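Okay, so here's just one chain, in structure tokens, the form predicted on its own.
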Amino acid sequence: MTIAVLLKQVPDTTAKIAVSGGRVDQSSVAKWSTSPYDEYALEYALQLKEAGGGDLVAITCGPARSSKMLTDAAAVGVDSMLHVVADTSEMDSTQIQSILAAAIKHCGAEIILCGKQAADTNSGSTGPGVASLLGASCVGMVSEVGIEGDGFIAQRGISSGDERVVVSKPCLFTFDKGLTELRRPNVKGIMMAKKKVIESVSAGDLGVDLGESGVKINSHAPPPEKPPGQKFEGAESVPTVVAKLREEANVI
């Protein structure tokens, strides 16, 4: 049995994002990281592997720089890595889902884990879209997952408490933030990861005909700057402050 975890490299949450010529200037991003929700998917994929679930493969679709993220995943216990090298900046979600579904079939995985959404786009469409293409059960907003007999049991929060869902393979789980502490690479893991070979393929190698993107990006723009703060002193400023709280801030 093969387990697949889908990972996406995104700008680190602390990185400054610059816009140049109506597009995000990726060269200005000082640090790239694994999308945070994908990190929880990776942790539980490792736990499934350790519980006897089988081999674990990490899959990503992105530019050449994404290979470092796969090496980091190998340093914490991933068995093999598949990198679909592609410029995803102008692709729509259905194209990326087609590539990932083909990559999963290429690896022969029947259990797939990924984050509920990527930290850059926040669309949340990848997991359900890939599951639909694979004909797999999809359980979303999962906080933990484990093996239950011949199937798998996932826990997720709902409005009335916690819900436990049992599914059989093929299945896909999308992860929310969990309480489990994420493991980090140690020196031994980093050295071993350097010896592992990343399988690099293209969409064409996987037999995926992407066609044309159904979405066209006109431009990117930074959010408007926040207005400067205002400071008031003395009792005589109370009426002004109250008026601003009522009419501008709408808090009273």
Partner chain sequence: MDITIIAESNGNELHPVTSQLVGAASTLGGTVTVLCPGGIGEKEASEISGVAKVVSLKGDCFSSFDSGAWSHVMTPHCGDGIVMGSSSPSGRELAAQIASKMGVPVVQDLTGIDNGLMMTRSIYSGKAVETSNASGSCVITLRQNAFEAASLGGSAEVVTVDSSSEVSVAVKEAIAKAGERLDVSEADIIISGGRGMGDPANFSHLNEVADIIGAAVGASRAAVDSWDEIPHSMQVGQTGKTVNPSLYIAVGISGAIQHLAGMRSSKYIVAINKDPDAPIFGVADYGIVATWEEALPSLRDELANL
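Residue numbers count along the first chain shown, from 1. Superpose the two forms; the largest set of C-alphas matching within 1.5 Å is the rigid core. Please read these numbers as outputs of a predicted model, since none were measured by experiment.
What comes next is about the form predicted in complex with its partner chain, which does not appear here.
Residue contact check for Ser80: none of its heavy atoms lie within 4.5 Å of its partner chain in the predicted bound form. Proximity of Gly151 to its partner chain in the predicted bound form falls outside the 4.5 Å heavy atom cutoff. Among residues of the shown chain, Pro63 is not one whose heavy atoms approach its partner chain to within 4.5 Å in the predicted bound form. Though the partner is left out of this view, Gly146 does not reach within 4.5 Å of its partner chain in the predicted bound form, counting heavy atoms only. With the partner omitted from this view, the residue of Leu210, Ala51, Met192, Ile217 that lies near its partner chain in the predicted bound form is Ile217 [heavy atom within 4.5 Å]. Here the marked residues Gln26, Asp176 and Arg246 all reach its partner chain in the predicted bound form, each with a heavy atom within 4.5 angstroms. The partner is not shown here, but in the predicted bound form the stretch 224-252 reaches within 4.5 angstroms of its partner chain through a heavy atom at Pro224, Lys226, Gly229, Gln230, Lys231, Phe232, Glu233, Gly234, Ala235, Ser237, Val238, Pro239, Val241, Val242, Lys244, Leu245, Arg246, Glu248, Ala249, Val251, Ile252. Once you line up the core between this form and the one not shown, the Cα of Glu225 ends up 2 Å or more from where it was. Once the rigid core is overlaid between this form and the one not shown, Ser20 does not reach a Cα shift of 2 Å, moving by less than that. Once the rigid core is used as the reference frame, the Cα position of Gly157 differs between this form and the one not shown by 2 Å or more.
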